[in-house]
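The chain below stands alone, shown as structure tokens; this is the form predicted alone.
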């Protein structure tokens, strides 16, 4: 099926070329970072995880969100999702590729990635994070590719694939649970030291992943002959609605616990993020923007008339996606490191090279996604009797 990726319109090749150009510029910037070290980033002794790991954390959630179409289709036989399941699986593949790339660029020396294999430490959460991320990437590639190939042949997917499908469902939950444990297992960071962190991560994942999938479905409908389906989009919209409500509720639970207990170590990170602390407040406008976007998304999604209007639905999903991106990305990282355990504030601001490299990783992920979606939509068009655009 790879040959399908080599046939496309001028718009398709224009997008591929544009994304490849961004990746090229970012690769040159990364070579600069490789030569001079992580000193070109905004990270410091106090803030050792920055924009790269923030993107990694968010994208793990996007990848895990794919289970919201896999579970109803394969486990509960919700046949309507058969049109979008492959899109969710391929979105997970692209998100996981970006996750691994962000870890790659976050390391001062890329060869250090191999240390987790050469010197395995099962008592480390990072070791298990490596297992679940690579395992989930493998499962989505194997399941997605074989199901699509069977569909192209007009046959049912092979029976040996069923165990992989069923394993992928709890595995999707595990990738974000283990990622949450990376944070919650650090006792010196009060903002992360909470048993509800994993549920918060999962709620955010089940909102942002399907929200992005809805936007991609609307784009696919506009630029290809394949229609993912109105019922499917509306079902995903309901999932996004419940998930983003839970995400905001879990955060408010954290706010209540922190401030009602009146424990300074738990209050100060939230105060820093939303009101500033000791004269420092770089993230205050960002965090209020995040909350505003998520609340606006909830309001638009709750109202049936707004949710059924796909133009409004697109705005709501974009609001949910970017609101979660701010909250779970930079908000989660900065809140954990600032203030430090000694109650000193050393703010972290991403630098232009850091942002350029991150943009390149996102471009690489969307390049992978573009190619995979080109293959998937071409097969869907063939199955429905359409002729692909040359």
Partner chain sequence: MDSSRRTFLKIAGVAAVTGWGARPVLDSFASSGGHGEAVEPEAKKTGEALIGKHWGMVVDTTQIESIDDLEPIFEACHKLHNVPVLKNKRHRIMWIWEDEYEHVFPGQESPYMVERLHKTPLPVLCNHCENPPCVRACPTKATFKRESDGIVMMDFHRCIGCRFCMAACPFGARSFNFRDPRPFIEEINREFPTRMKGVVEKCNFCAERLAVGKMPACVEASNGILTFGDLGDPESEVRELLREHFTIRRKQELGTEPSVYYIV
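Numbering follows the first chain given and starts at 1. Remember, predicted model here, so these are calculated numbers, not experimental data.
The same protein also exists as the form predicted together with the partner chain; that form is not shown, yet it is the one meant from here on.
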Discussion item. Please determine whether residue 252 contacts the partner chain in the predicted bound form, using a 4.5 Å cut-off between heavy atoms.
Written reply: no
Worksheet item: Looking in the predicted bound form, any heavy atom of residue 325 within 4.5 Å of the partner chain?
Response: no
Discussion item. Check residue 106 for me: does it contact the partner chain in the predicted bound form (non-hydrogen atoms, 4.5 angstroms)?
Written reply: yes
Worksheet item: Given that the partner is absent here, does residue 337 sit within 4.5 Å of the partner chain in the predicted bound form, heavy atoms only?
Response: yes
Worksheet item: Which of these residues, 75, 126, 150, 295, gets a heavy atom within 4.5 Å of the partner chain in the predicted bound form?
Response: 126
Discussion item. Using a 4.5 Å heavy atom cut-off, which residue among 158, 170, 276, 187 comes into contact with the partner chain in the predicted bound form?
Written reply: 187
Worksheet item: Counting only non-hydrogen atoms, which stretch in 34-42, 356-364, 55-63, 326-334 is within 4.5 Å of the partner chain in the predicted bound form?
Response: 34-42
Worksheet item: If we check the partner chain in the predicted bound form, which of the residues in 244-259 reach within 4.5 angstroms of it by a non-hydrogen atom?
Response: none
